[in-house]
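Next up is one chain by itself, shown in structure tokens, the form predicted alone.
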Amino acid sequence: MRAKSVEFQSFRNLKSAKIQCHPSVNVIYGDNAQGKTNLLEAIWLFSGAKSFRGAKDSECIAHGSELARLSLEFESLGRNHTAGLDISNKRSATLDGVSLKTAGELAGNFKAVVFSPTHLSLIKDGPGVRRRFIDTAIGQIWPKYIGILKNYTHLLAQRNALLKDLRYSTQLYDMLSVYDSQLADLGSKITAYRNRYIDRLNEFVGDIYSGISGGKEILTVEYEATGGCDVDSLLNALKENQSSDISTATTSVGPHRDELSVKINDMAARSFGSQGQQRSAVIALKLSEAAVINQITGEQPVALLDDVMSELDEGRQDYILNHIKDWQVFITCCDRNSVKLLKEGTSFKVEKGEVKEEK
């Protein structure tokens, strides 16, 4: 997987331009708040996922503009492709000149893995962050999952609205069993995908973490389903919790409440892991995500590294770079010399949104 060029117009603070990408290493450097991360974000959006910064689409449009437009030329499995992405009040996309029904259909075509300081929240924050991590990863390798998850989320919102109305009108009670059956069906499909993905992830994450820690610690990852994994279990759990759900107007069990348990030496990394252990666990998870993509699709994803190397000691930097030495890499930093181990490639300086290739 290789990005060949990326073009941007009215995207955040970036001045309109088209840049040619090096097939190996692309270093994007400059002072803080100049637009370096914006360039990575523009590339990432072609994965079909939302912004890795948690931004709304409206935040991606330059001030004073109504539309942001992105274009990407990339190579996949020896074939050249083009993709376009327009962002206004909604996203629209094209692939090889053909309009797609939704921008989400880009998923599975351009594959990337992003490392960002915000990903420390994978360990530090609540289960919602870890669910988003696996949902985004699954969407890149099994794009049908995105539609199932979207339908589940829509149905969940309808059930929660019904729960609120039931406090005032018990005549609607019969509708609850209909929602429960549909929710259990979609929910069981989501948990099946997630368990399948975690099984793949565990083929790599233990060995990678062992390498980072010098073999001193063991990292384990496990999926914890609040309502069970099959249709019957989830349906029974929904029925058992109907009374409490009505009182809170919230659905208390299902994939939207499930957890990805991350443990170091059988202790919860979130509660008992040191700063260094938590950081290492995130690195292991992200490298394993890339390994799964490569295993299933036969392609190494593009690596997007957003100012993460400066936060790591030289040993951990070396470990990451050894794992991505055969990938195409885009890496942001304040000083070009801070990534001395990456000698081959192209450098881009970003200043006040203007991206200039260094000759």
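So that there is no doubt, residue numbering starts at 1 and follows the sequence shown. Computed from a predicted structure; not experimentally measured.
Separately, the form predicted together with a small molecule exists; it is not shown, and the next lines address it.
- In summary, the region of this chain contacting the small molecule in the predicted bound form, judged by heavy atoms within 4.5 Å and restricted to 43-51, 57-65, 291-299, 317-325, corresponds to 57-65.
- Checked against the small molecule in the predicted bound form, the residues Ser347, Ser16, Asn13, Ser24 give one hit for a heavy atom within 4.5 Å, which is Asn13.
- Not displayed here, the small molecule is kept clear of Asp313 by more than 4.5 Å at the level of heavy atoms in the predicted bound form.
- Relative to what is shown, Arg194 and Asp57 are farther apart in the predicted bound form; their C-alpha atoms differ in spacing by at least 3 Å.
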